[in-house]
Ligand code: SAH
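In structure tokens, the next block holds one chain alone, the form predicted on its own.
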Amino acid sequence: MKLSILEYTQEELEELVSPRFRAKQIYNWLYQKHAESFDEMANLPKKIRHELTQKFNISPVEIVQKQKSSDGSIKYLFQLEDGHTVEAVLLKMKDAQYDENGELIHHAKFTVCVSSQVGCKVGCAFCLTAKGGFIRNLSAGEIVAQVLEIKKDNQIESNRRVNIVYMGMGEPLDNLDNLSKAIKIFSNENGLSISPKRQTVSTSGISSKIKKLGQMELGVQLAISLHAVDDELREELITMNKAYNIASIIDAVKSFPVNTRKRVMFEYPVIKDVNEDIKSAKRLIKLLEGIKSKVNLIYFNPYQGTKCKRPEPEQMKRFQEYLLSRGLLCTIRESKGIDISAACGQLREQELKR
């Protein structure tokens, strides 16, 4: 099986092609001109194009299904070369804006939520991804290809930046080597040129690897999926808490390098009658004391077979207002894709049952 050329950083490609400047041209064709074949790379000598065709494929993923929400979100199911499938989501954060003459004022803004693994080891009680077990890590090229294919499919111009959130299927820090390589490939100015500041690593809290990610100084943003504010409840929701408890996570976060204009994001999935009470809000405030943080309250997105329920909007608002009144920056993240299989693992699970 041929390797995908998307697996390589520009520096690695420079060691594989001669002369070295051809690597920059290849990057330009792949990420800015969205070439589908090496034969399209017209400024490369025919011999090099032939050699590349013999050695490499371009994309290691294929879109096999997609669902579009009324809010503009699109859920993708990608098939990998070994037949396994993973999901990614295109989220439209802001619509394009036009003036009274129909001239474009502001481009639409997008976030792409990508997967890092086939399945997941973490085993959150409310997440469908883990139900199928863990199969394998994605390669750097398979992570990169999700964004590239989504940009192509939606005709998002090469010079239009998107935000990336490593928050799809899998625990990103469980695949740290390939994750860090993908971050570097994304940020290459000759490629997609997506600044690390636009890339957010969302983790369930592997504290030792939070520290390691920080030591790499990649410049990415950090989001912690907190789930609960005490270890007893968190262990019910996420078994990994036995190995990486809340105290160890908070300690790791305190040592993570944060851009002076940024904050560490704490993702707090709100589940009805589980973690939505004011007592939990009080403990959350105490827990995050001294951390430059922002809390994202997330409506639980129900799926068939789960006992967990979506909270009422009034209770979400009450929870948010309590945090804000105590000085903790907090937003309610509006749910996207409620009318499609938007929660992690839903679309893949449907496909596997066919």
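When you see a residue number, it is the position in the sequence shown, counting from 1. Remember, predicted model here, so these are calculated numbers, not experimental data.
Omitted from view is the form predicted in complex with this ligand, to which the following refers.
*Asks:* Could you tell me which of 298 to 306, 26 to 34, 51 to 59, 320 to 328 sits within 4.5 Å of this ligand in the predicted bound form, going by non-hydrogen atoms?
*Replies:* Only one stretch qualifies here: 298 to 306.
*Asks:* Among 246, 167, 192, 213, which has any heavy atom within 4.5 Å of this ligand in the predicted bound form?
*Replies:* Of the candidates 246, 167, 192, 213, 167 is the one lying within 4.5 Å of this ligand in the predicted bound form.
*Asks:* Would you check, heavy atoms only and a 4.5 Å threshold, whether residue 151 touches this ligand in the predicted bound form?
*Replies:* So residue 151 does not count as contacting this ligand.
*Asks:* Just to confirm, residue 171 within 4.5 Å of this ligand in the predicted bound form by heavy atoms?
*Replies:* Output for residue 171 is yes: heavy atoms within 4.5 Å of this ligand.
*Asks:* Taking any heavy atom pair closer than or equal to 4.5 Å as contact, tell me whether residue 276 reaches this ligand in the predicted bound form.
*Replies:* Heavy-atom contact with this ligand at 4.5 Å: absent for residue 276.
*Asks:* Residue 126 near this ligand in the predicted bound form, any heavy atom under 4.5 Å?
*Replies:* Heavy-atom contact with this ligand at 4.5 Å: present for residue 126.
*Asks:* Listed by sequence position, which residues of 200 to 230 have a non-hydrogen atom within 4.5 angstroms of this ligand in the predicted bound form?
*Replies:* Contacts from 200 to 230: 202, 203, 204, 225, 227.
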